[in-house]
Structures are given as C-alpha cells and as structure tokens.
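Before any questions on binding or motion, here is one chain by itself as structure tokens, the form predicted alone.
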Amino acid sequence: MATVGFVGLGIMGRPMLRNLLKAGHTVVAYGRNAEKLDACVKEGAQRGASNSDVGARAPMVVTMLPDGPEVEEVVLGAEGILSGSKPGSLIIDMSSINPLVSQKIAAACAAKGVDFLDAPVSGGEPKAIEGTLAIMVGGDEENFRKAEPILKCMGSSVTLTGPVGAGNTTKLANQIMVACNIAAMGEALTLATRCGLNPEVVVNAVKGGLAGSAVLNAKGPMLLARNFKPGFKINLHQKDLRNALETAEANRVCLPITALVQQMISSLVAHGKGDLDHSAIATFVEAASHVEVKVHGA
C-alpha cells in the first residue's frame, strides 16, 4: 500500500480520496476548508498541515482543483506541494485545466527532479463516488505505470493519451462532446414537449437507437425530474469550454458549435444558474421557447 497525498476536497475530490482509503492506502489530505478537511480526517485520512507538508510526507500527490490558477498556486506557490517534494516524487494533477498550464507546471517540477502527470477525469460526482471515473492521462509511460494502480482505485477506465498536456486535451474533447450533447438534448426534448409529446416517452423511444448515449441516460432523467443538484456545475463546464476555445485558437482550429454552446452557458450563468448541474444547459432552449420539459403529471 502506498502513501498518497491529496489536495482538493470538493465535490469530486472527497469521494476520490475516500476510494483511496477504501483500497487501503494511507492518505495525507489538505484543503483550505477546515470543515471538509476535518471530515476527511474522521474518515481515516491523515491531516496535512499545508500543501508543502503534503509534498514532504507523500511520494505521490494527487490534486483535484477547479482550474489552472488554483493548480499553479497549490503546486508552485511559495508553500506549494513542490516546495516540500523530494526528487523522484510524482505529482498527479487530476484537475481539468488548460493543457499549456499542465506543461508549464510539469516543466517547473522537472527542474526540481519531480515527475508530473496530468490526469483529468470524466463522470462527475456519481462516478467519483462509485470509483468508476474515466481518467485521461498525459505524461511519461514510466510515470503512468507507477501511478496506474493508484488511479485504478478511482477510475474504471485509465488511459495514457500521450505526453504531458494530452490528458487535458483529451478532457477538452470530452467536454465539448458532453456540452453539445446536452444542448442538443434540450433542443430535441423542448421540440417534442411543444408538439404535445411526453418527453419521458421520447427519451425511452430514442435511447436504444443511434441517439442513445451516456449523456442522455445520465442527464435526461435529471432534466425530466427538474433535478439540477450539481454533480458537475455549469460554472465548471463554462471554464472547460473556455479552455477548449483558447486551445483551439492557439492551434488555429475552428470550433463554431462549441462557441455557440459557450454563449448559451454564459447566458445561464448571467441568470444565476452557474451552480446548477450542467444538465441545466438544456434549460436555455426551454427559456427561449417558453416550454418546460418534464414528466407528464409531475
């Protein structure tokens, strides 16, 4: 069993940490929120005094944070993980950030003899709880093999996608497809509802065909039940699409559908819906059409 550091105890991080504990690993945890850190300690984690302390005590450290600036601060800051890490240590950033930021952090780590992987995840809170996340890894194959047993405690699919930055590029591709799928689902079910159909019947009719998808299976029932408790917040998906568009611009790629969905999301955020689950992306079309998609009789 390994000693693993863990920084970032939010919606995704805490269940991921819990699965490491269940697998028998020693986990040294740290986060700014004292209440969340206390809860992790009660579940069996060791308390880290700071990011630097976690780096000093654990030869392998996982970070799960909102965006690139937070990862840079936690890893590279004056009291960051890297300041405490010993040469030969491995930092695994499982946050979803701009691939260029991953490469910047990896270079800073390499200068101190510390290895780095970017390993963002897909599946939201439900799969984080189950330990069945899809994990997309960027980095050296030797480091990947070292990290793989730890990653498999948190995910059912763990794939090395290329060098550092490739994990987050793959995650951006994932997030484009998910956001556009949810937006398309919203358009389809809004049309069906306006035409007098029961949207639940429509979902059940199409999910076994080519239109069926993991997105429809997971997010369709949430829309129908008007359940927007966040497993993955709209605010975070806005961040991911922003990173996708910035990466596309840097690589001279045109992403017109992504840009349109990002504008839809920006409107929802402006209307105070940023903390809702990203299934609520579908409500943009509802609002524009003055239609509410829900189970008949609900």
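Just so it is clear, the structure is predicted and the values come from calculations on it, not from any experiment. So that the term is clear: the rigid core is the largest set of C-alpha atoms that superpose within 1.5 Å between two forms. The first residue of the sequence shown is number 1, and the count goes up from there.
One more form of this protein, predicted together with a further copy of the same chain, exists but is not displayed; see below.
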Going by a heavy atom distance of 4.5 Å, is residue 129 a contact of a further copy of the same chain in the predicted complex? no
Give a yes/no on whether residue 210 approaches a further copy of the same chain to within 4.5 Å in the predicted complex, heavy atoms considered. yes
Proximity of residue 42 to a further copy of the same chain in the predicted complex, heavy atoms at 4.5 Å: no
Even though the partner isn't displayed, in the predicted complex is residue 56 close enough to a further copy of the same chain, meaning a heavy atom within 4.5 Å? no
Go through 28, 60, 268, 261 and name the one with a heavy atom inside 4.5 Å of a further copy of the same chain in the predicted complex. 261
88-96, 197-205, 146-154, 75-83: which one contacts a further copy of the same chain in the predicted complex at 4.5 Å, heavy atom to heavy atom? 197-205
Looking at a further copy of the same chain in the predicted complex, do all three of 101, 114 and 280 come within 4.5 Å of it through at least one heavy atom? no
Under the 4.5 Å heavy atom criterion, name the residues of 173-208 that approach a further copy of the same chain in the predicted complex, in sequence order. 173, 174, 176, 177, 178, 180, 181, 183, 184, 185, 187, 188, 190, 191, 192, 194, 195, 197, 201, 202, 205, 206
Superposing on the rigid core, do we see a C-alpha displacement of 2 Å or more at residue 9 between this form and the one not shown? no
Displaced residue check between this form and the one not shown: residue 111, CA, 2 Å or over, core reference: no
